[in-house]
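A lone chain, given as structure tokens: the form predicted on its own.
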Amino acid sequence: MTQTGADVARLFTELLEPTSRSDPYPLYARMRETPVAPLADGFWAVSTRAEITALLHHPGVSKEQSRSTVGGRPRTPGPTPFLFLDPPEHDRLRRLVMRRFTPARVAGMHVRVVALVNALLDAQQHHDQFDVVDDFAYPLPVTVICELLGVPREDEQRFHVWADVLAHNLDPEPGQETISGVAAAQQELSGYIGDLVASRRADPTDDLLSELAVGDDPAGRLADPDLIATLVLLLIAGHETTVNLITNGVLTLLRHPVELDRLRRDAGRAVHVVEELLRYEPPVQFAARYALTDLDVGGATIPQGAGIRLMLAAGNRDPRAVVDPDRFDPGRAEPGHLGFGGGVHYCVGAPLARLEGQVALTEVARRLVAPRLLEDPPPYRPNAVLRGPEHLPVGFAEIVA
């Protein structure tokens, strides 16, 4: 039976409940029965692949909440990161960043990522179990993004708390404690990054932070407020989502031992495994947009000024776009997913996330002998948008060289 708008609103509320975190996909399936439906907070949910894709590329859809009539939380101090801006300012700032954060630069990290992955696994050789999140999936991307940017790895304990608060603020209902802590976290993290910028200008090193801070690019230079906002964005986005990608990947492979064995025997499958994971268990479950004009989509009209929740995880499992969508199949013929969004806001860090995911899962498959889940389902983080296990205890017989 087709869901009404009120039904979809109730389903979305249920989706936000912590009890839904381990398996939200039945709720997404029911939401897809009404592809476009109003929610209770001035937003509309869009749950099918074709409609989500159209809106990701629609010029009448904005990333800027200030251009919407939807009531929002108090704005955090400082400039808005380019991720949350529209063209042309988004495009200008993104171009300046991408002239330094290039695919070639990411590819040059491959040897280092392999070394970091194996060092983390080596550290577990005298144990018979480990927590994939704390001991592997978190320290890997944090170390990579710190080295790439030039942020001291030993400062992780400082910025982890700030990053956690800002990540929780992405949720539709982050809680009053998170909301009240966002401004302080933003200010403290911005101050920390500002100090690093000043240090690099006085003594530049071979890192992305120095190159952006010195700013000798003939195309222009990021003003200091935009530079700090951009570096904060890269630091947080550069590890939060990748932790989920790797953890969800290990969990999914252990639930599908045939695919784990195939990856063990053929490392070349890692590319397809990661792409299928981005469809099957995306680290980012849904994303917010705002209607700049009335939008006719999926048989409904989203009014100008309304908020839009693009249910990316629902679209990834849309049976109109994917055959047998609830089956994990890295060999499937249908390409494409919404794991990195789309349009002008396509994920800046996609190449780096892919590299880290491919290397991490390849080495886990190769080196862990007889791995097994010690808790299934594992405990999940409370965040509904950035969905992933909070801990993932895994046992094993040994770790080979």
Ligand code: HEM
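Please read all numbers here as calculations on a predicted model, not as lab measurements. One rule holds for the numbers: they count along the sequence shown, beginning at 1.
Below, we refer to the form predicted in complex with this ligand, which is not included among the displayed structures.
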Heavy atom within 4.5 Å of this ligand in the predicted bound form: which of R200, R221, R94, R264 fits that? Just give me the one. R94
Of the options L253, A213, A270, L278, which one has a non-hydrogen atom that comes within 4.5 Å of this ligand in the predicted bound form? L278
Among 23-31, 46-54, 368-376, 336-344, the region lying within 4.5 Å of this ligand in the predicted bound form by heavy atom distance: 336-344
Answer with yes or no whether L355 is in contact with this ligand in the predicted bound form, where contact means some heavy atom within 4.5 Å. no
I'd like to check something about L234: if you look in the predicted bound form, is any of its heavy atoms closer than or equal to 4.5 Å to a heavy atom of this ligand? yes
Examine N316 and determine whether its closest non-hydrogen atom to this ligand in the predicted bound form is within 4.5 angstroms. no
Within a 4.5 Å heavy atom cut-off, is V114 in contact with this ligand in the predicted bound form? no
May I ask you to list the residues of 231-265 that have any heavy atom within 4.5 angstroms of this ligand in the predicted bound form, in sequence order? L233, L234, A237, G238, T241, T242, L245
